[in-house]
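Consider the single chain below, provided in structure tokens and representing the form predicted alone.
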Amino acid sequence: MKSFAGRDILSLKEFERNEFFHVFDVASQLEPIARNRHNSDMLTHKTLVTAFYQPSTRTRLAHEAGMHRLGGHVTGFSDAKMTRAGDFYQESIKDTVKMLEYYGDVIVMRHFQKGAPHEAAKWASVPIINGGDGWGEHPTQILTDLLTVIRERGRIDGLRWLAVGDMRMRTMHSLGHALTQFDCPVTFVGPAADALFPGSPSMAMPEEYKEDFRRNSLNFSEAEHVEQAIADADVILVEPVVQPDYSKSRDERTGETGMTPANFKITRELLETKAKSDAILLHSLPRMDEIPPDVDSTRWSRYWQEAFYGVVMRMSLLALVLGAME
């Protein structure tokens, strides 16, 4: 297995099966630090740089919290408009990362342009971690989801997945790439064109990703209604279908945003009447109305646990790429 030291984390398409389990193993070793709310001195001489060109709550803060838990330091920006990359100069990715690499030892980047972290990795002499690139991928979030599944269900292989939401989403693409390495059938449920309102774009899985999944032997199917597949699901992963435009640096809502159609909504009644009693429900958040608040207290919900494992997973990745653990 190739060493993680100095490695970029850009896409789960690049991960081999044994590398997933190695990351999970390191996470299990570091988990007690986060669970006991302690800080270690593992990365005391290292600094994380956050370069977030799009808003973030969980991804940015989980990386920062993970770095602090390991005793490291954090600098960076959470709003590109406050930098030369987002003002009059529109500084290039190359010029920006060539500066940032001198400010720290690893850079986590979220960008509205698909492929931006890959571009950054061409120029940076320090590891780049993809914190979400437009409609592209979100590898650290799906690694978090997989770690949550292992902790909550004890395994990944043999579990059937149901993925519901906008299939243009970067999390859905990373999920498909990841599950090619496991014995996990997955059913994607996403709105076709006009499903939300007249003239709305199709939110079905893009053909380029389906072709990629087929080439890499992903066992997947598609359905039009969550009720068609939820009864067989062991893991239910949900994303909104009411979405901002992820190709923009910021897309603030104005006026009515629309409501989630019933066939893409996970309600308490649906879980009680259709879902397996031991299925688990994941959501990377934020949510709109696709999971009503009364689902939070049910035995199926695991999105709060998912937030905790998000810190643990980022601790694992930071320790690995900075060479503190092998």
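Numbering starts at 1 and follows the sequence shown. All figures in this text were calculated on a predicted structure; none of them were measured in a lab.
Beyond what is shown, the protein has a form predicted together with a small molecule; the following relates to that form.
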- Task: Select, from the options 262-270, 293-301, 32-40, 280-288, the stretch whose residues sit within 4.5 angstroms of the small molecule in the predicted bound form by heavy atom distance.
- Result: 280-288
- Message: Just checking whether residue 59 would be counted as a contact of the small molecule in the predicted bound form - the rule being heavy atoms within 4.5 angstroms.
- Response: yes
- How about residue 174: is it within 4.5 Å of the small molecule in the predicted bound form, going by heavy atoms? no
- Query: Would residue 111 count as touching the small molecule in the predicted bound form under a 4.5 Å heavy atom rule?
  - Reply: no
- Task: Using the partner position in the predicted bound form, report whether residue 144 sits within 4.5 Å of the small molecule, counting heavy atoms only.
- Result: no
